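We begin with a single chain expressed as structure tokens, specifically the form predicted alone.
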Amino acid sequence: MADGTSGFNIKPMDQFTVKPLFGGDVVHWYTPTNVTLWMALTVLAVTALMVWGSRGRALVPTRGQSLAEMTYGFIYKMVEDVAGRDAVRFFPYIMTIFVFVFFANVLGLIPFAFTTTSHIAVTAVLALAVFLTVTALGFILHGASFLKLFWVSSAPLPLRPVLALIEVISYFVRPVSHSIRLAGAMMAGHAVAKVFAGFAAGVGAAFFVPILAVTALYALELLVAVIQAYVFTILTCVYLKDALHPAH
């Protein structure tokens, strides 16, 4: 172009900007933002599925009831298989985590929506809640014996202090990896999709090529949204198992 600028004006990271809902540019902790809106919509979607969808409790279930029951059974079996029968009492908490992350991921795929799980502030709170809950539970149930989680008694005695240090570091890194994995996957996929969508507007007659790429990427992002909700939840079950059975 004559002014030396590129014909493409793609800003893939703009979609992650937190904006006030009612004007202005300053965001305080109490300011309703697009994050607030889409988190509220996520809660409404969860409520619609688990409460409204299963309100009839019919012997011949409706589609909504079938979906709610399938989700319930899937997560129940995950908790039972990964964390054990004694972890089933914590099923409501784990179920809540799964449906919230799942709907937050999927709603973020709607055009012009905001993906709340692409922000580390959201995923870090979820991960820290899991970390603190599991740690507190471990000490409540086992007291000082919970520290056996860091002591690899099956290893040779000279190696045990080194392994204990590694176990302590890896334990406290859990909320970091737990949160970054989800936020990074959501942010990366949406950023790439925005780039391809920008190409579609600037390649002229060959616009169909990036459109096909965006369509394929959208399908992949839907799969990633489901997988990331599953991974976040199954890691929660693994950490819960450590709290219930801390000994190596």
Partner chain sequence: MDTDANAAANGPGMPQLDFATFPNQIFWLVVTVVIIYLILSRVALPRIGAVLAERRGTITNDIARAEELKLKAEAAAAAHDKALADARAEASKIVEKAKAEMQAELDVALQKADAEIAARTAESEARIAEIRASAAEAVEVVAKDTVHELLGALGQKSDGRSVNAAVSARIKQGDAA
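Positions refer to the first chain, counted from 1. The structure presented is a predicted model; accordingly, all values stated were derived computationally and were not measured.
Separately, the form predicted in complex with the partner chain exists; it is not shown, and the next lines address it.
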TODO: Kindly indicate whether Gly138, Leu222 and Ile234 are, all three, within 4.5 angstroms of the partner chain in the model of the complex, using heavy atoms.
DONE: no
Open item on the list: Counting any non-hydrogen atom inside 4.5 Å, which residue from Trp151, Phe146, Tyr72, Phe131 sits next to the partner chain in the model of the complex?
Closed with: Tyr72
Open item on the list: Residue-level contact is defined here as any heavy atom of the residue lying within 4.5 Å of the partner chain in the model of the complex; does Arg63 satisfy this criterion?
Closed with: no
Task: Residue contact check: Phe16 to the partner chain in the model of the complex, 4.5 Å heavy atom - done: yes
Open item on the list: Taking the partner chain as it sits in the model of the complex, is Ala185 near enough to touch it, meaning that at least one heavy atom pair lies within 4.5 angstroms?
Closed with: no
Task: the partner chain contact at Tyr93 in the model of the complex, heavy atom, 4.5 Å - done: yes
TODO: Work out which of the listed stretches, 155-163, 79-87, 115-123, 138-146, brings a heavy atom within 4.5 angstroms of the partner chain in the model of the complex.
DONE: 115-123
Task: in the model of the complex: members of 49-79 within 4.5 Å of the partner chain, any heavy atom - done: Met50, Val51, Ser54, Arg55, Arg57, Ala58, Leu59, Pro61, Gln65, Ala68, Glu69, Tyr72
